[in-house]
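Consider the single chain below, provided in structure tokens and representing the form predicted alone.
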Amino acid sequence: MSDLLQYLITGLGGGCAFALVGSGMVVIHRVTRVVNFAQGSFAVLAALTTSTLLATGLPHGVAELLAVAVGAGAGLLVGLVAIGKPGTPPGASLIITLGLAVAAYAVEVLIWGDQPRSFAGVPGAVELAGARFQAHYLLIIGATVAVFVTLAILFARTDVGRALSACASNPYAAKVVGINVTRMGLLSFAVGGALGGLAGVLVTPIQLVTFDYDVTLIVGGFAAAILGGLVRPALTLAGGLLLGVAQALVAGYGNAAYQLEVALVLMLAAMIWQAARQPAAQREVA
């Protein structure tokens, strides 16, 4: 039982990283209809930036906040390239984000090399019902809950959130009432970059990060986002946690080499489920 509880806690911690990456994809897709495959790169960039800032003597907290800001800036830059030109089709923008994600490898290797990096998180360990795990997992879970509560408030209670939702629902009507759709799209990319950066900052103390770690994050994040139809942050959170726990159980009781396959299977199952729901939803509308 103690082993199971430990796997659940560590799985929830890893799942939170997937949920944050996936939520960034959801925020961007809701507004622009673009699937941003550079989302994992923001996490890696923030993680590597944090390691450098801490090495220069900056304290924890300041280094992480600056790194998240770097992730937001990178998201804005990707948005400028992907959707900055009005009329760019979502399919073309998707290909652009994929190309930028590959180009990020060269930049990261040039600056930081190809060796894995990490840094210290919350010190100490926690014991619960015989299970022992790093205290940093509690920070990951707590920060993720706070982020998703903030996203819910943003979209439901603020003018900026309503403008973002309006662009997602009907871009033409949003333009008619004076909303700058391109600007809202760029804002969504910046928010997505910050969410991805936060995921990288939180997960690095428990996971060595290399320049290509974005593959793991983007596969897991996309699988989580697919469960929510790329429009529902709450279901993205549920999908990320489910995937994280499933991978932890597979690694604990089976073979850790199959963790990526678990994400792919979950993604496929979610896509089949979404496809099966669409005809039923269309019949209800009709």
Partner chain sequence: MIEVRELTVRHGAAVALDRVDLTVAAGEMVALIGPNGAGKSTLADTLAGILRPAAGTVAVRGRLGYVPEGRQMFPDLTVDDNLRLGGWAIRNRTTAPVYDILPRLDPLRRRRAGSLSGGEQQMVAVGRALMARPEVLVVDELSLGLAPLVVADLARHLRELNTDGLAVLLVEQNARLALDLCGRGYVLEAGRVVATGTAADLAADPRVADAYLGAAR
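Positions refer to the first chain, counted from 1. Computed from a predicted structure; not experimentally measured.
One more form of this protein should be noted, the form predicted together with the partner chain, which is absent from this view; the next part is about it.
K.L.:
With a cut-off of 4.5 Å between heavy atoms, is residue 177 one of the residues that contacts the partner chain in the predicted bound form?
P.N.:
Yes, residue 177 lies within 4.5 Å of the partner chain in the predicted bound form.
K.L.:
Please determine whether residue 186 contacts the partner chain in the predicted bound form, using a 4.5 Å cut-off between heavy atoms.
P.N.:
Contact check for residue 186: no, nothing within 4.5 Å of the partner chain in the predicted bound form.
K.L.:
Although the partner chain is absent from this view, report whether residue 77 comes within 4.5 Å of it in the predicted bound form, heavy atoms only.
P.N.:
Output for residue 77 is no: heavy atoms all beyond 4.5 Å of the partner chain.
K.L.:
Going by a heavy atom distance of 4.5 Å, is residue 173 a contact of the partner chain in the predicted bound form?
P.N.:
Judged by the heavy-atom cut-off of 4.5 Å, residue 173 is in contact with the partner chain in the predicted bound form.
K.L.:
Hey, of 142 to 150, 69 to 77, 198 to 206, 164 to 172, which bit sits against the partner chain in the predicted bound form at 4.5 Å between non-hydrogen atoms?
P.N.:
Of the options, only 164 to 172 has residues within 4.5 Å of the partner.
K.L.:
Suppose contact means any heavy atom within 4.5 Å; which members of 143 to 159 contact the partner chain in the predicted bound form?
P.N.:
Only a single residue, 159, comes within 4.5 Å of the partner.
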